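Before any questions on how it binds or moves, here is one chain, the form predicted on its own, in C-alpha cells.
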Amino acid sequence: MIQRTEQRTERCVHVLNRALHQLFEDCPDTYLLGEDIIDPYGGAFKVSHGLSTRWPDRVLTTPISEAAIVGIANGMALRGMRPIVEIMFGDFITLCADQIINYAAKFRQMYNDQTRCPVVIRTPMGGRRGYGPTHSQTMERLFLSVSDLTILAPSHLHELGEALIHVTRHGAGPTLFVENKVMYGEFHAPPQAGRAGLFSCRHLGEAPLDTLYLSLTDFEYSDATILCYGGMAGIAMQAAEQLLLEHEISCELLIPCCIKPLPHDGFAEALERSGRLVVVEEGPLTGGWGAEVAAQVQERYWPQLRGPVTRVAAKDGIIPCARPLEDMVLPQKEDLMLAVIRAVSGAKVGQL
C-alpha cells in the first residue's frame, strides 16, 4: 500500500506569516499596509501577526479605504520600495480596482517601459466558512484581462512562503496574491521525494511559481485531466482518489500557482494521454477563469481533445451564510466526480 509522505507540521497561515517575517528581516525596503494589521490583532486571519511589534515603522495601519491603501502603495512602489498590501477580504478588491487597473497595471506601458510598479496585493478569497454574500466570493476572474498584472493563487501543495518572497523581491509589476480562506487552516504539504500523498508529482515550470502535475498511476495512463487551483486542489485530489477506487477512472491533476498568465506546461502531455479536460474553480460559472482556460485549450490543443472542455464552478448568484445552502452553491467533490464521469462516458448534461 502506498504511504502518504507529506510532513503535516505547519499550517498554511503560519507559513505565510513566517515568509513575511523573513521578508522584513532580509529586505529593508519591504512595507506592509492594511486595515487592522497592528498587534495584537495582527490582521483578520492573523497572517500579519507579530510584524508590527518587530517593525513598527514599516507596518502601516490604514483607514478603511482600499482605494487609498493601494494608491499609496503604488506611489511607494514607483519610488523603489517593495510594498505589500493586505486587503482584509477579497470581496473588497472591487474598491481598489481603479488603482489596480488604471494605474499600477498601466504605468510601465504609459511611461515607455521606464518605470515599474512592483506592488503585491495579498487578499483572502473563497467561501466555505459561512461568511455570506459579501465576504465569501472568488473574484480574481474580474482581473483576467488586465495587462501587466500577474495573478498567483497557490494551493496548500505549493511552496507558499517561497512564492510570496519571490514575487515581493523580484516582481517587475503588480501582483494579485490570492490566499484561499480554507487553505489558511490546512496543513502545508508540498510534495516530497516526488510524491504528494498517494500521488506521483512532477514540477513543471520554474519554482516557486511552478505547476504541480499529479498522477495516481505514475503517469502511465489517464482517462481525464483535472485542472484546478488554490482551495480546489484538495477537493480535486479527494475526487481523483474516489474516482479511481470506486469507478476505476484515472485522473491526472494540473495545479498551477500562477493563473494569469496561464502557464501551459504539461498541457500537451496530459491531453495527449487523456484527451479530456475538466476545469474546476470556486468562482461562478459565468465569465469564470475556466471559460478563458477552455477557450485557450480548445484553440491550442484541439487535435488532442476527444470532447469539449468540461467546466465545474459555483452556481451564479450570491453565496448564502447557511452552510447547507452555501454547499449547494459552491462546487463540491461530488460535482467534480460527476463531471468527470460524464466527460469520460460521453454523456450529456442531465444524463447519468
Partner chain sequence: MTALATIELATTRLEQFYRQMFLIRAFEERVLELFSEGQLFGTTHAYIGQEANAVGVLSHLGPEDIVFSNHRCHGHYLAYSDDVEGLLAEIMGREIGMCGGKGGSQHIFAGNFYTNGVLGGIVPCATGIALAEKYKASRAKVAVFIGDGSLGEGTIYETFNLAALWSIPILFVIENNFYAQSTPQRLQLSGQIAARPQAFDIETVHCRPDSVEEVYAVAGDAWATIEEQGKPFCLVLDTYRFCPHSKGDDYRDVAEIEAWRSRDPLRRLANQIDIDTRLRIEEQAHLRIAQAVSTAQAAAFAGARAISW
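For clarity, every value in this text was computed on a predicted model and none was experimentally measured. Numbering follows the first chain given and starts at 1.
One more form of this protein should be noted, the form predicted in complex with the partner chain, which is absent from this view; the next part is about it.
Fill in: Options 91 to 99, 165 to 173, 205 to 213, 233 to 241; stretch whose heavy atom lies within 4.5 Å of the partner chain in the predicted bound form
In short, 91 to 99.
Discussion item. I need to confirm a contact call. Of L198, C258, I249, M76, which residue comes within 4.5 Å of the partner chain in the predicted bound form, counting heavy atoms only?
Written reply: Contact check passes for M76.
Discussion item. Please tell me whether any heavy atom belonging to V329 falls inside 4.5 Å of a heavy atom of the partner chain, as the geometry stands in the predicted bound form.
Written reply: Because a heavy atom of V329 falls inside 4.5 Å of the partner chain in the predicted bound form, the answer is yes.
Discussion item. In the predicted bound form, is there a heavy atom of the partner chain that lies within 4.5 Å of any heavy atom of A67, even though the partner is absent here?
Written reply: Yes - in the predicted bound form, heavy atoms of A67 and the partner chain come within 4.5 Å of each other.
Worksheet item: Given that the partner is absent here, does R323 sit within 4.5 Å of the partner chain in the predicted bound form, heavy atoms only?
Response: Answer yes; at least one heavy atom of R323 falls within 4.5 Å of the partner chain in the predicted bound form.
Discussion item. Under a 4.5 Å heavy atom criterion, is I318 part of the interface with the partner chain in the predicted bound form?
Written reply: Although the partner chain is absent here, I318 would touch it in the predicted bound form, with heavy atoms inside 4.5 Å.
Fill in: Members of 131 to 146 lying within 4.5 angstroms of the partner chain, judged by heavy atom, in the predicted bound form
The stretch touches the partner through Y131, G132, P133, T134, H135.
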